[in-house]
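Presented as structure tokens, the chain that follows is alone, the form predicted on its own.
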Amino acid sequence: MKKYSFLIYYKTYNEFLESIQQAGVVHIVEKQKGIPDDAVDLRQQLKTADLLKNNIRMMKRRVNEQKEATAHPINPQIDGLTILNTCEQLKTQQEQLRNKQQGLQKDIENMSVWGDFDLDILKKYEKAGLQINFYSCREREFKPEWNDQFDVVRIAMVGSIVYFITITKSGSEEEPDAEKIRLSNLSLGDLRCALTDANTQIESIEQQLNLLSVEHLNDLIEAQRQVSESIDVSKVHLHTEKKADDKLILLEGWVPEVKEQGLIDALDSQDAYYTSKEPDKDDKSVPILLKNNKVARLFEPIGELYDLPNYYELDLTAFFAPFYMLFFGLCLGDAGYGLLLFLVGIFARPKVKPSMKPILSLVTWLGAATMVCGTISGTFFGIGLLNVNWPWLTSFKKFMLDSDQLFLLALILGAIQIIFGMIIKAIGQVRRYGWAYSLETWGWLILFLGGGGLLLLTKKSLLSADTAKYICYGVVGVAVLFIFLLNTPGRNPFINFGTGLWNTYNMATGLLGDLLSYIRLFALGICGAVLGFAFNDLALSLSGDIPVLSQIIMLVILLIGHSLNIFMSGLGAFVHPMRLTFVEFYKNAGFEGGGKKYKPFKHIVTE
């Protein structure tokens, strides 16, 4: 990365921004965090972007619900924001109508018990000096003396509730001890007509929204793109500094060295002064541009779930990707499940939008790894392949591992990944600080690899005992020298010795815990296999012996059981390898993180 500083005359600033936006390679340096209170326009743009996002989601759902409907292409004559306002108005009207609908339904429910009568009758009684009130109470609470005292007329009885009216003289304050009911201003018939009218209007708005969705979905997506670009420009304005009485504007940004020429070509036509320089060693604002191959790039979203590497350290994506695939396969541990994932990835990939294709490619790779690991562990849809007597399978059984061997394999893989991480750490220290600062890590590697190599050669009788003894002295001597005396260059040897003792304690306790953590690879695989076997056994034992029906029951149990197992085991297979990567591997690889993703200021392209 190179840091560019631009000095632009204020009258040509917008033209300059358009040129670097067109070049699309400058990552603008942020001068302030968050959005200031006085950035009213930007806040309004963000609010509009939210509305667009919600309405686009609504329109996509409506288009998908309409069979054989296809969204119309973008119409350049249509203003997407006008469509947005129309949608919002329709949704507001619909919401008001739904509230009215609920109120009418409640009034109809209350009025139904009294029947459909003309409310003018109540006014006629009132003119005659009588008042009619409406009540309800539990049947056991109804007092017979009310009949004479209030001229009660029972109207209906629903369950244990009695509905009745009283006819008393106007102005009488005496009332029965029952719940008084206030009637709607509309009769039951008028309420039903009003409800029908509200339903019709709601349906009409629904149709209008459906029509708008089909005709203007892409217009709204285009408006969203324009608003997003506008937001980007507004944010760039926030990160500029004004100089010389606001006549000059200073803007800074990062540009990858491989893309420098694109920026220089764009600036040729601009009247702007600019300089560039290498980043300072303590500059933490340098963004990171990951450079991985086609396969490793699929695993970048997994790495980003934890953190991005900072600009000065190695990107570990390509290093953890093979282990992640292998660990996922061992945790899921069923060749049949792996085959399903593989087929889903292969057949679904061509049918999804471009942004989803990398995810399905990753599913395909993980499915392939699970097929291999499931074959090695000898499990196919819960069937233990080591225990079946299929003649064609006999020749393949020698490649399958039993549970003891799988347990050992999990520990060996853990040791390999930890040692691999330490090698990456040592190489990273050499690149960043020089050989002198990496000697401690190399000391541990010499101790582990040298000791392990000697043990292996001695067991295989490839080394005599005397030769092994002298080599062992040499390995331990070099390791002790690096770990205890040369762990920090230029420091007092006694302080280095104390640091070496403390680091040895941490290494001994931490390494054991790290290694044991890899047992989960074996445990999760076994759990999935046992659950699959249990569902197979359940299907056989509960299906009975009724022709056809038995097969249907068996199929249903197998489908439900294995679907649950795939979901649960798949979730575990996704999460636990991530934990091994982010905790055990990253720690031993010396991962620091804290990097910022390279996000160039450029025009937005919609899919």
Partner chain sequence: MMSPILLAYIGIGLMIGLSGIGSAFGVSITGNAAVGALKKNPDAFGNYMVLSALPGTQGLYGFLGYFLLQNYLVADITMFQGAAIFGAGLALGLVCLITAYRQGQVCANGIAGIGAGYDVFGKTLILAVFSELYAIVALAATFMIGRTL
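Quantities reported herein were computed from a predicted structural model and do not represent experimental measurements. Positions refer to the first chain, counted from 1.
Heads up, the form predicted together with its partner chain isn't pictured, but that's what we're talking about next.
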(message) Taking any heavy atom pair closer than or equal to 4.5 Å as contact, tell me whether L524 reaches its partner chain in the predicted complex.
(response) yes
(message) Quick check on Y306: any heavy atom within 4.5 Å of its partner chain in the predicted complex?
(response) yes
(request) Please run the contact check for V430 against its partner chain in the predicted complex: heavy atoms, 4.5 angstroms, yes or no? (result) no
(message) Would you classify I553 as touching its partner chain in the predicted complex, given a 4.5 Å non-hydrogen atom cut-off?
(response) no
(request) Only one of V233, A534, I167, L463 comes within 4.5 Å of its partner chain in the predicted complex by heavy atoms, so just point that one out. (result) A534
(message) By the heavy atom within 4.5 Å rule, which residue out of V548, V575, L542, L559 makes contact with its partner chain in the predicted complex?
(response) V575
(request) Would you point out which of 192 to 200, 401 to 409, 90 to 98, 71 to 79 contains residues with a non-hydrogen atom within 4.5 Å of its partner chain in the predicted complex? (result) 401 to 409
(request) For the stretch 567 to 602, return the residues whose heavy atoms include at least one within 4.5 Å of its partner chain in the predicted complex, in the order they occur. (result) F567, M568, L571, F574, V575, H576, M578, R579, F582, V583
